[in-house]
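To begin, one chain is listed below as structure tokens, in the form predicted alone.
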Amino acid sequence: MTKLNIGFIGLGNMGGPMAANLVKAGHTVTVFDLNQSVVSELTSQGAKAGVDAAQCATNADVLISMLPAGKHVKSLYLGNNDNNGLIEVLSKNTLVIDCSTIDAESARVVGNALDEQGIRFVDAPVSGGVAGATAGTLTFIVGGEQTAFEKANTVLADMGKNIFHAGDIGAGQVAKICNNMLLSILMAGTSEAIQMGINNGLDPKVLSDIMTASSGRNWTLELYNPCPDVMETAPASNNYKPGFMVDLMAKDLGLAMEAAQQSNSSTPMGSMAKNLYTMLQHQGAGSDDFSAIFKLFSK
């Protein structure tokens, strides 16, 4: 595979391991984050440190960003009162891949603005958590035109296992929040059912095995059981150490509710899940794994 000059901005719990996998794949990776300790960690693995975001973007074949929210993505690329944005320094030969999970409208605003300057853009939010980022087995859900997707695919394959083209710019974000809304509903329902079984004298491991082999079977039962000591590898059996934090699930559910309102979609179960995760945040569990919703149902 052709080795590329890749800029990577945003080295949090997900971005750091993703950038590390690009280094392992043999690419020249220039990284930037406001947290210098994570930059140092990446440089110790073979990355180059950018003095700022603009240096990461200059002369990059591919620029990847992994940021907390839409306002950060818009500020990075389009600028604000304090900076001009990377749109001023990006080459027309650079492909921009934003892997942040943000609202679809922000992705479209950034993508369309870059497109007007002849710069290709895709939104490519991820699924798979920190473990998937570290192992290079993430799922990428991509929005953008076909040729941009095809180029992005070759880079994303060094960080993930499953890569889907959801549609035009913004479609990746919509698909991601649909998936996470469903996941939150499944996790809440699974927790509710297991706890009801416990309250009626059942062994949660036996009940989980029964439901996994029956019509209640779902991903949370098979791979991510929310009841402690049922599944050794699940965060529930490690004091709900994430994983995928409650705060992040609540954020994604907020995005889902915004999208539902904009499209006049009926999401009563998604709304309930959002309320439950907000309640969990208020109980101080925001940094726990999202499977900690089980604690809301336990006696």
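Whichever C-alpha set is largest while still superposing within 1.5 Å between the two forms counts as the rigid core. In this text the structure is predicted, and so the values were computed from the model without any measurement. Note that residue numbering begins at 1 and tracks the sequence as displayed.
The next section is about a form of this same protein that is not shown, the form predicted in complex with a further copy of the same chain.
S.K.: Each of 182, 215 and 273 within 4.5 Å of a further copy of the same chain in the predicted complex, by any heavy atom, yes or no?
M.R.: Affirmative, all three are within 4.5 Å.
S.K.: Of the residues 197, 228, 79, 136, which one places a heavy atom within 4.5 Å of a further copy of the same chain in the predicted complex?
M.R.: Result of the distance check: 197.
S.K.: So which of 37, 239, 265, 44 reaches within 4.5 angstroms of a further copy of the same chain in the predicted complex, heavy atom to heavy atom?
M.R.: Selected residue: 265.
S.K.: Taking a further copy of the same chain as it sits in the predicted complex, is residue 256 in contact with it (heavy atom to heavy atom, 4.5 Å or less)?
M.R.: Yes, residue 256 is a contact residue.
S.K.: Quick check on residue 178: any heavy atom within 4.5 Å of a further copy of the same chain in the predicted complex?
M.R.: It does: once a further copy of the same chain is placed as it appears in the predicted complex, residue 178 has a heavy atom within 4.5 Å of it.
S.K.: Applying a 4.5 Å heavy atom distance criterion, does residue 171 contact a further copy of the same chain in the predicted complex?
M.R.: Residue-level check for residue 171: yes, a contact with a further copy of the same chain.
S.K.: For residue 108, is any heavy atom within 4.5 Å of a further copy of the same chain in the predicted complex, or not?
M.R.: Looking in the predicted complex, residue contacts with a further copy of the same chain include residue 108, since a heavy atom lies within 4.5 Å.
S.K.: Out of the stretches listed (217-225, 146-154, 85-93, 114-122), which one is close to a further copy of the same chain in the predicted complex, meaning heavy atoms within 4.5 Å?
M.R.: The contacting stretch is 217-225.
S.K.: With both forms fitted on the core, give yes or no for whether the Cα of residue 189 moves by 2 angstroms or more between this form and the one not shown.
M.R.: Comparing the forms between this form and the one not shown, which are aligned on their rigid core, residue 189 does shift its C-alpha by 2 Å or more.
S.K.: Return yes or no for residue 244: a CA shift of at least 2 Å between this form and the one not shown, with the rigid core superposed?
M.R.: Where the cores coincide, residue 244 still shows a C-alpha shift between this form and the one not shown that is 2 Å or more.
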